[in-house]
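Shown here is one chain on its own, the form predicted on its own, set out as structure tokens.
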């Protein structure tokens, strides 16, 4: 699962395998005089939170970029909660078994049953065929939560067709997906709400934060009230809300990052292409003994380089993790375990063999914003050494 943010000393990447392993994520914010001045202005303003001017400016900028009315939240988790509140009727919510536990926990926090669905073995995202079978078997489902995995979109057009056939809402957990595109757009118009994370390790960090983008026919005002926490103009008219406010300090950090987001995305995409090409080249001579599996690129999709993930073809993720560490490359078993292994979710779920298999084999390897070329080279060197060791 995603690790806690490290101190600056711990974040410094080593030059190569002689130091501590290169971490798989490293938060990055371009700290300059403009950012420091913006933070100082917030601190002097007397309004640190409660829908401050920087939160409103960030919402306007994100709404323009995403093409949908967008509300900022205090975390990606609360963005998921508000997305779930957009569902038209009571009922269960389907989530893929191969995702971070927060996806299911947000559904549970909103008082809805979680139904787990299997994923596509090639792309590692929610499988439309498995979803159709699940919806045919369960008439209590009100919505489906697709998930962007490591920055790569799910087959949202196919999923939307399945949801339309069964008259259920399609939501998107886009925590990994800020800047990802599918056929030139962030997501199909039929997606009811898309929740994003602005956690420290994401492509657009606010340190902590999130946002939810809404389909045009979804009224944002009940969600504004719900995030505050249920308070409106008349205290007697309070609703059952949550505290999902984003502070102006966090909004200032995100606004600063938004200026250079396209450059950050270009850099992460280039680094991901380079690392994937390295793995493909190193594994090309394996013949009947492939070493590492890469997810297949989806036609029409442009990922954002959120994470670099591989799966151990021999099933020994722990062995690969140890070998990579010996050669200076940190890794994380992420997502591990599958949600089918989480105790409170387990009873009554349909089998999810592909997700279970992936969760047992997957490793996320180093990739972050502004990653130096020498660090990329060190990762490639460590990968080559680890693959050679595992072949012996």
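Bear in mind that the values here come from a model prediction, so they are computed numbers and not experimental data. Positions refer to the first chain, counted from 1.
Missing here is the form predicted in complex with a small molecule; even so, the following discussion is about that form.
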Students should find that, of 247, 180, 103, 81, the residue having a non-hydrogen atom no more than 4.5 angstroms from the small molecule in the predicted bound form is 103
256, 176, 268, 115: which sits within 4.5 Å of the small molecule in the predicted bound form by any heavy atom? 176
The small molecule contact in the predicted bound form: residue 125, any heavy atom under 4.5 Å: no
So in the predicted bound form, is the small molecule close enough to residue 227 to count as touching (4.5 Å, heavy atoms)? no
Please tell me whether any heavy atom belonging to residue 304 falls inside 4.5 Å of a heavy atom of the small molecule, as the geometry stands in the predicted bound form. no
Please determine whether residue 147 contacts the small molecule in the predicted bound form, using a 4.5 Å cut-off between heavy atoms. yes
In the predicted bound form, which of the stretches 194-202, 126-134, 160-168, 268-276 has residues with heavy atoms within 4.5 Å of the small molecule? 194-202
